[in-house]
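Only one chain is given next, in C-alpha cells, and it is the form predicted on its own.
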C-alpha cells in the first residue's frame, strides 16, 4: 500500500512538472532572445520559422570611415546608399551598396561662414537626395542639397502657438513630397512641428491623447486649488520617432503604454492606422520586469505595400506588420550573438534587407530574408497589389512552412473572397479565427446558394402551396358531402 502511494505521488509530481512546462513554455519562448516566435489569436507565443537572419555587420572601421561614435540615425536611399548620422563625431557618413564609405560631411558653408554640426540626432534624405539634419546641439534644422551645399537653416520659430520659454531642440525630422518638414522636438508634447517649404512654422500635428488615472482624477476633483497645484499634471506622451511613406502619411511611435504606441497620421493629424489584426500593433504581448518591462518602441520604418517595422529598445526586437495591423514576424534580441544588439536606436529597409543601428556598439546589423520571410513578404505584396491568385499560392506556401501562422489562413480566405469563392473563403476564415470576415463570407455564400437555386426553391414553394390549397379544397368538399348525407 505504501509503495503504491509513493508511485502515485511520483506520478502526480511528474504530471505537475509536465503541465508547468507546457504552461510556461510559450512565455519562455517570448522572453528568450530567439527570434522564432509569433503570437496566436489567443495571444500565446507560438513557434515560427525565422523570417530574417543576420548576415553582415557594418562598422565605421570596416567601411573605411573610421570608428562610429554614438551614432543615432540612419537613412537608406532608393539606390541603396546608407547615410549614417555619426553623432559623437558630429558628421554623417555615406556608404555605398558594398557598405564602403564614399563621403563624409562634417562641415558646410552658410552665408559665407563655415558651420559645423553639434551632436546631431536625426537625418532625413529625400528622393532627390536633399538632406535634412536635426542639428540638436545647435538647436536648428540644416537643409543641404544633393551636392552638400547649405540651402537653408530652420532655427527656433516664433509663433503664438509656442510658449514664451519654448526651447527648440529638434531630434528627428522627415519631409514629404510637397517639401513640408515635420520635426520632433525634445520636450514638446503637442505633437510634431510642421514647417512649410520656406521653413516657416505652421502648426502642431498629431498630439497624443492624455490618459487620466480615474482615482487620481477623483482626488483632484475634491481637492483645493493649492492641493491640485501640488499634484502631477496630466500631459500627453512624447513621440519617440517618425517616418513618412510615399503617399505623405506620417508613421510615428511613442512611449504610450496604455494607448496606441504606433500611429499613422493624415494631413489633419488624425490617426488612421488600421488595427484589424488579432491585437493592436504594440510589440510583445507578454513581458516581465526581468526582461525589460513593457516594449519601448524607438523607431519605425515604412516599406512598400504598407508593410512597416518597429524597433523595441527594451528587448532589441523588430516587429513587422502589414497594413491591416497583422503581425507578420519578429526577430532580433539583446545579447552578444550575431543578430542581437546592445542599444538599438534606428531601423531602415534596403530593398528587402533590414538594417538596425546599434548606438552603443557603433555598428549596423544587416538582416536578409529567409525562404519563409521572402514567401510571406511576397504573399502580402501580392494581396496588396490585387493579385489574388498569386497571393493565395504564396499564403499556401507560408502555411506549409508554418502551420501556426493563422494570418496566412486569413490571407488565403481574403484571396478567395476577392475571387468570389465564398465557401472556400469562409472555411479559411474559420481556421484563422477571423470572425468578422467569416460572417461576411458566409453571408455571401448563403446569398450565392439562394441565388443559384432560386428557381428550384420557388418551384418547390409553389408546389407546396398548390398541394396545401388542393388538400384544403379536398377537405372542404369532403366535409360538404358529409353534411349533404345527413
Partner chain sequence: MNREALQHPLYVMVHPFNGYWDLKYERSQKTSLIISFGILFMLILTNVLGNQYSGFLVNMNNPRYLNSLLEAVYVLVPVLFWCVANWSLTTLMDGEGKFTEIFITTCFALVPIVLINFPWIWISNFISAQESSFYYFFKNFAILWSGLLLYVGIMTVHQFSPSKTIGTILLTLLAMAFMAFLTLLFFSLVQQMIAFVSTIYQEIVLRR
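Positions refer to the first chain, counted from 1. On a predicted model such as this, the values are computed, not experimentally measured, just so you know.
Although it is not shown, the form predicted together with the partner chain is what the next lines describe.
Worksheet item: Just one of 47, 61, 457, 443 has a heavy atom within 4.5 angstroms of the partner chain in the model of the complex, so which one?
Response: Partner contact (heavy atom, 4.5 Å) among the options: 443.
Item to complete: Could you check which residue among 449, 461, 433, 57 gets a heavy atom within 4.5 Å of the partner chain in the model of the complex?
Response: By the 4.5 Å criterion, the partner-contacting residue is 433.
Fill in: Close approach of residue 439 to the partner chain in the model of the complex, 4.5 Å, heavy atom
Although the partner chain is absent here, residue 439 would touch it in the model of the complex, with heavy atoms inside 4.5 Å.
Worksheet item: Though only this chain appears here, would residue 429 touch the partner chain in the model of the complex if you measure heavy atom gaps against 4.5 Å?
Response: Taking the distances in the model of the complex, the answer for residue 429 is yes, it comes within 4.5 Å of the partner chain.
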